[in-house]
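Same chain, two forms, each on its own as structure tokens: structure 1, then structure 2.
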Structure 1
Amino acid sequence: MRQYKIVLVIADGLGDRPVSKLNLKTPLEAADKPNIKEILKSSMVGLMDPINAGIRPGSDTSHLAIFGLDPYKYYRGRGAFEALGAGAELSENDVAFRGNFATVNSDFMVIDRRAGRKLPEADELVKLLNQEINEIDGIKVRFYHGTEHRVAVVLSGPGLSDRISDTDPHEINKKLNMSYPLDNSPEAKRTAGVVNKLTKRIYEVLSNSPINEKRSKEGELPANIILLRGAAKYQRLPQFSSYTKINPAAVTATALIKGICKDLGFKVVTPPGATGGIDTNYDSKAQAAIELLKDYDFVFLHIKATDAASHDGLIEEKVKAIERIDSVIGKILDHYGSDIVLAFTGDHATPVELKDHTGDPVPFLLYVPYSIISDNVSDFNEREARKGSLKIIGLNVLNLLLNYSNREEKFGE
């Protein structure tokens, strides 16, 4: 049998609910999607629960499932993935955190969880922290800049645990949390103590920085603290090629997704202009995927813009992002339409009026370049997907892609 290459396009936070400003249409219903509509006649359509029915997934757990790994078995926390995506090289049992540069007052009350979000000095601040803070109580400390206000922090040394609480209160006008152990182990107690000392030292270094003095004079919020969350002890994931027998590549600008793909053994590409936000360069991402398909059998294309728009309540921006994703899919199909199996879906729902993840199922489309029994739907959206034949969970996705690309191995004789 002829084997086809595979393209998986995930629009982060794609799923939605009826939106009042769109006359109770969802953004997918409101968006103009000529390329997607064109391939419906050669596609199966349906709904996917990324984890399981009603489970409210994070982007990390949903991507693990979609890549064929049970998140209940393999997920240890987000911090290690963020650190890998930000450029860290991790050793087994390092403990990593995701964090935000943020603004606190002298009483450690959180004024802004993102230091105004606009932070062009982030690389300088990370460099300063790495110069000034090398270790706490014999534990090595490293800092890595992700994107915008995001930063990863890695602890290396003996006797560490990821069973500790966040310092991030997750709300403004609340005091910074002290980290505390989540079990009675001496490792958790020690790690929480290190994190609390580290947080105070970060505040000292950043508060006295000329960088923040300049920001304050220019009317910008000082980035004088890092809010830590998602502690994760690093344990390497199984390699994607070992359980699929195919060589994978990924196009993404989002640190979390870069980290997951890097750990799975993907070739990871962040093309020029790819930002992980609503201002990303869609054409650059499309071209990167087209180039990677020359050498790789599985190309994953991640686009964060739909989720970024949803979290900020930007209805029109979410619709525009979907329309630009449709053009990306069109460009890929123009080059490889008869040579690829292509899936398009979201990793979870982020309703734009709620501005947060929900446990709603998300629409799923599987395009196959040869004759199949397609689903009789008129569009690709949450409503029409309910009429389709596919009712799947995230762990089913890889099997479907391998089967219809003629790469799935027989189970039994």
Structure 2
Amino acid sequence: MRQYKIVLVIADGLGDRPVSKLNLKTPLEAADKPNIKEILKSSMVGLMDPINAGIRPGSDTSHLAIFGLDPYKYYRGRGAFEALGAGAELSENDVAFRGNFATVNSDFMVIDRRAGRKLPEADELVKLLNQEINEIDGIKVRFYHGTEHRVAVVLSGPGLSDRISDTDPHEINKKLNMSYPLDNSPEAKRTAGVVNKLTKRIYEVLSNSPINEKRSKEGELPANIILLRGAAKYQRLPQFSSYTKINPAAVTATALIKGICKDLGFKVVTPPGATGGIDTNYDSKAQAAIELLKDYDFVFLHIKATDAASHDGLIEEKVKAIERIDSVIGKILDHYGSDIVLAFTGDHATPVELKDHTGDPVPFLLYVPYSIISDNVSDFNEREARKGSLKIIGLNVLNLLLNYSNREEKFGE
């Protein structure tokens, strides 16, 4: 059997519901998609529940499922993925947090959860913290900058637990929380203690830094604290290449997705101009995927713009993002149309009018470069996908890709 290469394109938050301003079309229905339409006659389509019917996924749990790992078994919180995505090297049993540079007053009341969000000095602040704070009570501490105000904080050492609460109060005008243990173990108690001391040290270092002095003078809010959340003990995921026998690569600019892919052993590429936002450079991403297909048999292309537009309620931007993804798919097919199977889907729905994830099923398309019994649909969207033959969950995706690329190992004989 000829083996084909595999391309998986995920538009984050792609799925949607009928939108008033689009005459009750969904963004996917409203978008002009000549390239996708072109391949429908050689595709199977349908609906995918990323986790299961009605379950409302995060991008992390959904990507795990789509990469073939049951999130109920493997998901251990987002902190470790974010840290990996921000460049951390993690060892087993390190405890990682997601964090925000934020602004508190002298009573530790939170004034702004993002220190004004514009924080060009974030890299410098992270460098300063790594210089000034090396360890707390024998636990090694490292800081990594994600994007904008986002940081990852990693604790390394013996006897740590991730069963502790956030210091982030998740609201302004509330006092920073003390971290407390979520179970009775001495490890949780110890880790919460370390986190509370660490928080105090961070405040001392940041509030005395010349960088914040300068920000205050310029009328900007000082980034004088890090709000911590989502403690996660790092346990390395199974390696994609070991459970699929395929060498994978990913094109993504989103820290969380980069982290998941790194942990799975993907080669991860963030091409120039790829931002993880609405302003991303689509051409650059298409080009990176095309390059990687020379050397890798599985190339995953993640585009965050659809989700970013949805969270901000930007209907037209979401439609535009989908149209650009269509042209990315067109470019890849121009190069490799007869050599690849290609799946296009979302990791979950983010209805642009709701601005948040929902548990609706998402349309799923699987193109193959040979004759198949295709689903007779006239377009690829939430409505037409219902008429397709696929009715799957996220955990089915990888097996479908392996099967139709003739790469699936036989189960039994």
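The structure displayed is predicted, hence computed values, not measured ones. Residue positions are counted from 1 along structure 1's sequence. In this text, rigid core is short for the largest set of C-alphas that superpose within 1.5 Å between two forms.
- Annotation: structure 1 represents the form predicted on its own, while structure 2 represents the other form.
- Annotation: rigid-body hinge motion between the two structures, rotation of the minor part against the major part equal to 9 degrees.
- Core superposition places the Cα of N105 4.3 Å apart between the two structures.
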